[in-house]
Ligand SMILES: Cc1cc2nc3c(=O)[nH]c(=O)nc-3n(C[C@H](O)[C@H](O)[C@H](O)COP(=O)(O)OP(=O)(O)OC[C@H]3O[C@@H](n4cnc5c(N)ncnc54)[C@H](O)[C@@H]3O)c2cc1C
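One chain follows as structure tokens, the form predicted on its own.
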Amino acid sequence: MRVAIAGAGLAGLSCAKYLTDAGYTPIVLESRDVLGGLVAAWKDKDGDWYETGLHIFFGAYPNMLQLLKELGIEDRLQWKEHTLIFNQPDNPGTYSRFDFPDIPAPWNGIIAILRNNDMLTWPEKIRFGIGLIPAMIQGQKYVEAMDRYSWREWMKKQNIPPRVEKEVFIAMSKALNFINPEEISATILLTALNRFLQERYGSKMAFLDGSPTERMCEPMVEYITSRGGEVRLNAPLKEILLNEDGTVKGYVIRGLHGASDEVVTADMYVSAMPVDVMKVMMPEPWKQIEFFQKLEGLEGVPVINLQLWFDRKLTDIDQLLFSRSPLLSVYADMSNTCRGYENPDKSMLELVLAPAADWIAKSDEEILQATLAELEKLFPDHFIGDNPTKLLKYHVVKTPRSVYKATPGRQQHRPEQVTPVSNFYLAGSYTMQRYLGSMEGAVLSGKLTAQAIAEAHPVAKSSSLQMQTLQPATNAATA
């Protein structure tokens, strides 16, 4: 049974991988000349990789970790010390850490918070802890219900001092969804806190040992194609053809460089495209269906990623850092954190600029100069003085529409993977699953889509597609 999948991001590739496991033949169609979607990467003329974003893997990503294990590439994750590191703007060049001891959750998280006296006072810690009690007692039902509040509104409702937001959660909001606490849904941060505090290694982080395209997506393609599936680049979807009953008749693929258009037909069809693209490609008759009308409440958030190569080492820290800058979100010295980018003498900083709405239309040079001004505050010893560091080269990658913008009320607009059209399914981190807009969410959505197809349209002798139990990642413990 053939399944045509539009989009070769993590959702589309994971859906195809699990469909092959269940005995189907997936045909993945990608409009661009690169794999990965929102985790795509390219090589420049010097042979250096540059990426769409700073992609971090957490111990609380069980489906992603299981996928890498099934592909035989789990050793490509470079696990870091279990800590969260924040810059201290009032004392440039210094850091504040939340170090998690290797003991069961939630005690490791509680101790990490209690031992940090740089950012929060004891009364603030106590008030924040009390505010979290309803989420810890009532669980996911409470977390979902809080989607009607922004994080700032929720904190005020729980009588948590505003300084807690300033010290910790501006940085976390921008890291999780590239927007500030007054915009982001409380559900997003409560979901992350639940995972971080309830799972022993939930907040432990890893970096891939190279570019996501080469080190993660290409092995997925090899897995799919070696089992009879197909992955095609430069195959942009032009139109979704319908039968008279509203079901999908075929995907029209636009011919490039003078070639004729092509119609790809299959038994089942999946959109693994971003929600903004899906809304544009939606056939007119579907726009009258309430299920698809809900998508109008979702849109991608703009993101800007920068990679800057310098003539010397700026830091030896081998970890993600929360900048606490008004302009920058998170950053890392990839020459320390990533084996594929390793350099003992020079730094390559990868930084996320967020919120990016006011910057997405500006020139690369404007974005660069604003970023360098912020870096002077983060690394004063290197950028100020008689012998300042020199920028060797840089790349700015703009994504006008990235993961869905998780403002309050978005949960009710997130669709299930199964649609009212009997032979058409959705995959993508914007669809309903517990990990929101993230790599884990994309992988889980693809798996859920494959499972839904396997249950509704079983093939002869197909293997049973088992869902990964959402438990803490044990391999993060010993890495």
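Position 1 is the first residue in the sequence shown; the rest follow in order. What you see is a predicted model; the values in this text were computed from it and never measured.
As for the form predicted in complex with the named molecule, it is not shown, yet the points below apply to it.
In summary, among the residues 203, 402, 185, 329, the only one with a non-hydrogen atom within 4.5 Å of the named molecule in the model of the complex is 402. When the named molecule is considered in the model of the complex, only one residue from 66, 419, 411, 52 comes within 4.5 Å through any heavy atom, namely 52. Contact between residue 181 and the named molecule in the model of the complex is not found at the 4.5 Å heavy atom cutoff. In the model of the complex, none of the heavy atoms of residue 59 sits within 4.5 Å of a heavy atom of the named molecule. Heavy atoms of residue 16 never reach within 4.5 Å of the named molecule in the model of the complex, leaving it off the interface. Taking the partner from the other structure, the named molecule in the model of the complex has no heavy atom within 4.5 Å of any heavy atom of residue 43. Heavy atoms within 4.5 Å of the named molecule in the model of the complex map, among the stretches 411-419, 450-458, 66-74, 435-443, onto 435-443 alone. Residues are counted as partner-facing when one of their heavy atoms sits within 4.5 Å of the named molecule in the model of the complex; in 34-51 these are 36, 37, 38, 39, in sequence order.
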